[in-house]
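Just the one chain here, the form predicted alone, laid out as structure tokens.
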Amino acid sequence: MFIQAIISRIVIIIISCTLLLIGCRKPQEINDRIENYDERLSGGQQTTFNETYDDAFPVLSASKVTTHNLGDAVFGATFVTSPAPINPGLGPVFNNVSCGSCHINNGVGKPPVNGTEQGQSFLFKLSMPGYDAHGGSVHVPNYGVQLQSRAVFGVQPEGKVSITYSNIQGEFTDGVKYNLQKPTYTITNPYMPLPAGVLMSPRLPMAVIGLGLLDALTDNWMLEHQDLNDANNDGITGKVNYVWNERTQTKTIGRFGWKATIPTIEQQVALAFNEDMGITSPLFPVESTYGQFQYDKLNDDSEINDSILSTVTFYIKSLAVTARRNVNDATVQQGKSIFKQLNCSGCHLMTARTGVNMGYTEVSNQLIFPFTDLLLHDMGSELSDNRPEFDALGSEWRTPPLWGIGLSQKINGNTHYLHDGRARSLEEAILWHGGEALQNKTAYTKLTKEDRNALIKFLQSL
């Protein structure tokens, strides 16, 4: 027994030291050793070589695969108005009838093609100036914090949005011209007069692949990449967003959403049910219309239970990341070098290692290639929505992960990028960069056409 106790103590010491070394690993150590790894494995062990956003983690136990599939069924299910034997609870006002209708094939949504079309996978956040008790957005009287453009029978939608575009002409140093489209949004047919000073922000639903791996990155990993005072003088700062966590009833670090306003995948799922479909849950048990004229006053909340919420949450947490393609192609390699040369990797960090997670070993200690730091960055006045959320200013946006972006067109027919889909190509997305990324964008405009094409081809390989 004495010898067994000594052995057990030694094992504990070894494990503790290993965890300490992993936790203290500096970001540059991963980059220094990057050539030792297969760059195709964007999600580490949880990478799929199928060109789809629908695959579960390849390394997943049988019971977890069952849970994943159950969540998949709910994610794609169409909800209807109550009473109904299956999937009741829709409305009374809403934006869409299912999760999958916004996240098309688990990818990004689509903006309206023209100014009169009402995009069903395109949302508008609303708020009044200032902050609520938790530092979040102030509800608009009779509207809440999101414009719902659809409603159940007998209920009037909150309003529609009209979009007009103006052209911005530009020219590369080599004389090649380009054209950008700048959107302007106007709320039309409001069911009630809107108060003066309403702030509005368009949002394109984001791809949901790999979120379980991003969730596994530690808070310390995010904090150590902050550079609030630009200590390295590269013009890039970056900061975390401290947001309200509904589960803990405290402020914690946000990492999901366009402005990093969501701390957990569970909260993202529950909020989407509540705001996008008008469906209550144990995490958000109050109708989004509470206090408004459309409030149904029915005693049927929560409309989904913890079991449904947890299965959909796990489905999102176990979606695989698509593998990179053509990593050894000479032009792709050239584009990768330019990506580093322009310091695009200053925000879109190429590598990361997830933390040790004994409760979810499938995401534990994985070397991944997400191309994000999950931090807020000032993107300039042209991209500003002038609508702050917690610590995020109007011009600040979270760095979106780039993994899987090269398959967006193939998988869901989408070539629109940025928070409102104004960029109709990867090149246009680059050209809209401002603020901290202005010098990077300017350097891009000075590249030769060959180098510009190489950078785009690199992005298409992700």
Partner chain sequence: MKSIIKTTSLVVLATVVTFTACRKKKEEVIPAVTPATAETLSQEVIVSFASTIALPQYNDMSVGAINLVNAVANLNATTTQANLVIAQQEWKNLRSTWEQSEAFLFGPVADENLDPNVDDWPVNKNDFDSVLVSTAPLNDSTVANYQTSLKGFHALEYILFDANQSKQASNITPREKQYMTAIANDLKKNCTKMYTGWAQNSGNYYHTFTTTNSVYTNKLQTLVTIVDAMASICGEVGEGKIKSVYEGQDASQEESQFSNNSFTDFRNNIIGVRNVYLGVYKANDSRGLEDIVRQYNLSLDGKIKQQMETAINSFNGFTKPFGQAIFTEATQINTTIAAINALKITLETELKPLLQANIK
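Please read these numbers as outputs of a predicted model, since none were measured by experiment. Numbering follows the first chain given and starts at 1.
There is another form of the same protein, the form predicted together with the partner chain; it is not shown, and what comes next is about it.
Visitor: Pick from A216, A272, L199, L90: which has a non-hydrogen atom within 4.5 Å of the partner chain in the predicted bound form?
Guide: After the contact test, the surviving option is L90.
Visitor: Would you kindly say which of N357, T81, Q292, Q156 lies with a heavy atom within 4.5 Å of the partner chain in the predicted bound form?
Guide: None of the other options qualify; the answer is T81.
Visitor: Taking the partner chain in the predicted bound form, would Y143, L147 and S162 all count as contacting it (heavy atom within 4.5 Å)?
Guide: No, because Y143, L147 and S162 lack any heavy atom that approaches the partner chain to within 4.5 Å in the predicted bound form.
Visitor: Would V97 count as a contact of the partner chain in the predicted bound form, using a 4.5 angstroms cut-off between non-hydrogen atoms?
Guide: Judged by the heavy-atom cut-off of 4.5 Å, V97 is in contact with the partner chain in the predicted bound form.
Visitor: Is there a non-hydrogen atom of A56 within 4.5 angstroms of a non-hydrogen atom of the partner chain in the predicted bound form?
Guide: No, A56 is distant from the partner.
Visitor: If you check in the predicted bound form, is V152 within 4.5 Å of the partner chain, heavy atoms only?
Guide: Contact with the partner chain, yes.
Visitor: Can you tell me if E39 lies within 4.5 angstroms of the partner chain in the predicted bound form, counting non-hydrogen atoms only?
Guide: The answer is no: E39 has no heavy atom within 4.5 Å of the partner chain.
Visitor: Heavy atoms, 4.5 Å, the partner chain in the predicted bound form: which of 82 to 90, 344 to 352, 177 to 185, 243 to 251 makes the cut? Say which one.
Guide: Selected stretch: 82 to 90.
Visitor: Which residues from 39 to 69 come close to the partner chain in the predicted bound form, meaning a heavy atom within 4.5 Å?
Guide: Read in sequence order, the residues that approach the partner chain (within 4.5 Å, in the predicted bound form) are N50, E51.
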